[in-house]
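First, one chain by itself: the form predicted on its own, in C-alpha cells.
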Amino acid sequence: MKRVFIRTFGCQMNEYDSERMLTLLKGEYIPCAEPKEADLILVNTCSVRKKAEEKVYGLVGRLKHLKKQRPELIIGVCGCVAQQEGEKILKRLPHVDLVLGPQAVYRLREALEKVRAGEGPVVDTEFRKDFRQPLILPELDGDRPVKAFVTIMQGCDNFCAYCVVPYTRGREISRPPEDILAEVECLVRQGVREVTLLGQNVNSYGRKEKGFPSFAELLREVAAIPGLWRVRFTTSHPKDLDEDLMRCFAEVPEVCEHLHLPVQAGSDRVLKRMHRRYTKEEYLAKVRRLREICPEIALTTDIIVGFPGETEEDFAETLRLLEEVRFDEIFSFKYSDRPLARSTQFEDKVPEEEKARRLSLVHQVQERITRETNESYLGREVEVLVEGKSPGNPSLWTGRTRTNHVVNFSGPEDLKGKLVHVLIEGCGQHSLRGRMLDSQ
C-alpha cells in the first residue's frame, strides 16, 4: 500500500473535504503521520485570511527537498488557495504536481491517473454548473470519532465585501436531502453520536433547488435519525435566520443550544460597507428573540477589526455590542485584503498598528466576558458527550456540553462516546473542570 499525508488548513469544510479525499484514496493509499513517509502529499488550503495563505506557501515550499530526493513523490495543493491562484502556484512552486479547487477534490483519482501517465502537472479549478457533490459514504477506521462533520451545501451567494469565498468555492449549491440523510445514517451506524451540518450559509439551504426542504425542515429530519444524540450547524448568516429555525432550539431535543452567528462589526456604517445586509438593531432583535425562545442558548460570533474606513467611533460600537450581547466566545481577526474581494479596492485602509491595537482591546473585553460566563457554570450540573482523553492531560476525559463548552474531568475507563453528567467545580479561560456524577 502507498502512503498519503494530508495537511488541512482552515475551516471545518476543509476538514470534511480532506476526509472525503482519504475515503476516495482507500484501497490504494493509507494515511501516514509525516510528509517524509508519504508517496502522495496533499495540502488542503484556506485563503480566507492572508496568514493562512502564507502558511500554505511556506509548508509547500519546504517540501521541495523531498521532491528532489524522490522525484516520484506526488505533491498536490487543494482547496481555496488552489482555486484562487491556479496556474500561478506552478510558477511559484514548480515541484507541485496537482492544483485542485474545492469542487475538483472529488475528481482526485482522475487527476492522479493523469500525473502517473506523464500528463501532469494537473490544474483543475473549473466550476461546473452541473456539479453535484458525489455521495461518498464515510468509512471510519481505528479510533472511531464520536462526532463528525457533514457538508450540506457548497459555495456562497452573499458576496460580502471582504470575503473571497464566492470566488474560491463558487455559488451556492445545496446537496440533495436524501444524500445528507444517508451520510448521517452511515456515520451513526459506525458510532458517531453528534454531527455538525456545514455550509457557508446553512440558513439558505435549498432555496435555489426545486422541491428541497428548508434548512429548518432538514434539521428536523436529521435530528429524527435513530441513534443520533446531538446536532449542531454552522455557519448562519444573520439576515437569513428565521423564526422556524430559531424554534428548533426549543422544539427539537437533539439540536444543541449553541449558535454561531457572525456579526463582524457593531457599526451600521461598517456593516453597510461590508455588504452584510442587516443593521445592528436587526441583529440584536434576533438575539433577543433567540433568548426568548431558548433562554439557555450560547452564542458565539466572528469579529473583524480595522475594516477599511472603520473610525474610532465605529470600533467603539463594536465594543458596545460585545458588552450588550455577551457572547460566550468570539473569533476575532484583523482585516486583510483578499484577492478578488471588493474591499481590496477600498482606499481608506486602517494602519496595521491601529488594527493590532483594536484587536487587543477586543480580546481584553471578550476575555473578561468569557471568564465571567465560565464562572457562571460553577456549581451547575451539565450533560457532557465524552469525546476522548484530554490532549493536555491524558489522565482526564474531555467532552463538550450542549452549549459547546469544553469540560475536563476524571472518571473510569470506557467513557468515550457516552453521555455523562458532571458537576462543574472549576473553570479556566477556555474550559471547565468538574466531577462526574453518572453516565448513560
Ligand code: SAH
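The first residue of the sequence shown is number 1, and the count goes up from there. Not measured: the values here are computed from a predicted model.
Beyond what is shown, the protein has a form predicted in complex with S-adenosyl-L-homocysteine (SAH); the following relates to that form.
S-adenosyl-L-homocysteine (SAH) is not drawn, but in the model of the complex it has a heavy atom within 4.5 Å of residue 163. Though the partner is left out of this view, residue 266 does not reach within 4.5 Å of S-adenosyl-L-homocysteine (SAH) in the model of the complex, counting heavy atoms only.
In the model of the complex, S-adenosyl-L-homocysteine (SAH) lies farther than 4.5 Å from every heavy atom of residue 315. For residue 26, no non-hydrogen atom is located within 4.5 Å of S-adenosyl-L-homocysteine (SAH) in the model of the complex, even though that partner is not displayed. Comment: S-adenosyl-L-homocysteine (SAH) is not present in this chain, but in the model of the complex one of 96, 304, 259, 105 has a heavy atom within 4.5 Å of it, namely 304. For the candidate set 334, 232, 286, 273, a heavy atom within 4.5 Å of S-adenosyl-L-homocysteine (SAH) in the model of the complex is found for exactly one residue, namely 334. The partner is not drawn, yet in the model of the complex one stretch among 132-140, 290-298, 334-342, 112-120 has residues with heavy atoms inside 4.5 Å of S-adenosyl-L-homocysteine (SAH): 334-342. Annotation for 37-59: interface residues with S-adenosyl-L-homocysteine (SAH) in the model of the complex are 48, 49 [heavy atom within 4.5 Å].
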